[in-house]
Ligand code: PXG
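Next up: a single chain in structure tokens, the form predicted alone.
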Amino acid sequence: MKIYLNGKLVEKNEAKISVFDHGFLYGDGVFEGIRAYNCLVFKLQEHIERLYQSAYSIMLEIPLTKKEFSQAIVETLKANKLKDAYIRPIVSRGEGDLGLDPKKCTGKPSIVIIADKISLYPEKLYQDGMEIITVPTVRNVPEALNPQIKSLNYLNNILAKIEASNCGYQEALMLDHLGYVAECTGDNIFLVEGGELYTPPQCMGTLRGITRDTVLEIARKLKIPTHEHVLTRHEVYNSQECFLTGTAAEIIPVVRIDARKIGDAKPGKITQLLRSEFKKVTKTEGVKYTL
């Protein structure tokens, strides 16, 4: 496996950064998760834009132009001869000292790009639907660490994941500090009620997911009414369909939440339709490359 590391493609066992890197010491950095489908990097421009927005918010200057970063991602895919892949670009503050002050990071930010395969959930869950639970850990409040920033500090999500895993579940629903539905540990959430689509607004402690936005675009083209609306667990429990979206998960149906059946406890028609249309979009929207 070839890893992109600060302008060079190196072997996996040679891809190393300093233990004084602020990304390692404090989670001081940003990242993205991107998919490639049959030599097409899906929504690459949108992912790069979100990466740079996250970096700008934490005052981290990426030493590559957006075009150069996109080219580096494609180079990494080609070097690993991957037609289908999950890509993880990471930018950390770089090497500093043991203090918090980022001004002490005198070198350039560290840039790492990993391209590999990923299978987040088994295929059976896509066919039968998955069960999730609500966990006690709430989503970070925007005033503390804005969930719109896709930072290397993912402990909020990891704590919720641990709680779900300890109870025997693969995913967890997280609420915000007011008790409204925010998102899951790694995915956005959607409900279907009365043939209409609902998802929490991005201001409610949610990351503005690329897959989330793609699903909203598809739904509008299909004339399915969409709503970005605050939701409680009452609306979730009584919805007719539920599904999660994310780069790694794509679109996965949810059939039970907190032991309550969603609809008839089977993947719904609108969920299946959106999954089918999403697969079509992944073949057309993005940056093509050749091996």
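Just so it is clear, the model here is predicted, and its values are computed rather than measured. All residue numbers are counted from 1 along the displayed sequence.
There is another form of the same protein, the form predicted together with this ligand; it is not shown, and what comes next is about it.
Checked against this ligand in the predicted complex, the candidates 113, 184, 130, 77 yield a single residue with a heavy atom inside 4.5 Å, and that residue is 184. The contact with this ligand in the predicted complex, taken as any heavy atom within 4.5 Å, belongs to 248 out of 248, 222, 230, 64. Interface residue remark: residue 207 is counted as part of the site for this ligand in the predicted complex, having a heavy atom within 4.5 Å. Using a 4.5 angstroms limit between non-hydrogen atoms, residue 31 touches this ligand in the predicted complex. Although the partner is absent here, residue 198 lies well away from this ligand in the predicted complex, with no heavy atom inside 4.5 Å. At a distance threshold of 4.5 angstroms between non-hydrogen atoms, residue 164 is out of contact with this ligand in the predicted complex.
Picking from 190 to 198, 130 to 138, 84 to 92, 99 to 107 the stretch near this ligand in the predicted complex, with a 4.5 Å limit on heavy atoms, gives 84 to 92. Residues of 128 to 166 lying near this ligand in the predicted complex, listed in sequence order, are 139, 150, 154, 157, the criterion being any heavy atom within 4.5 Å.
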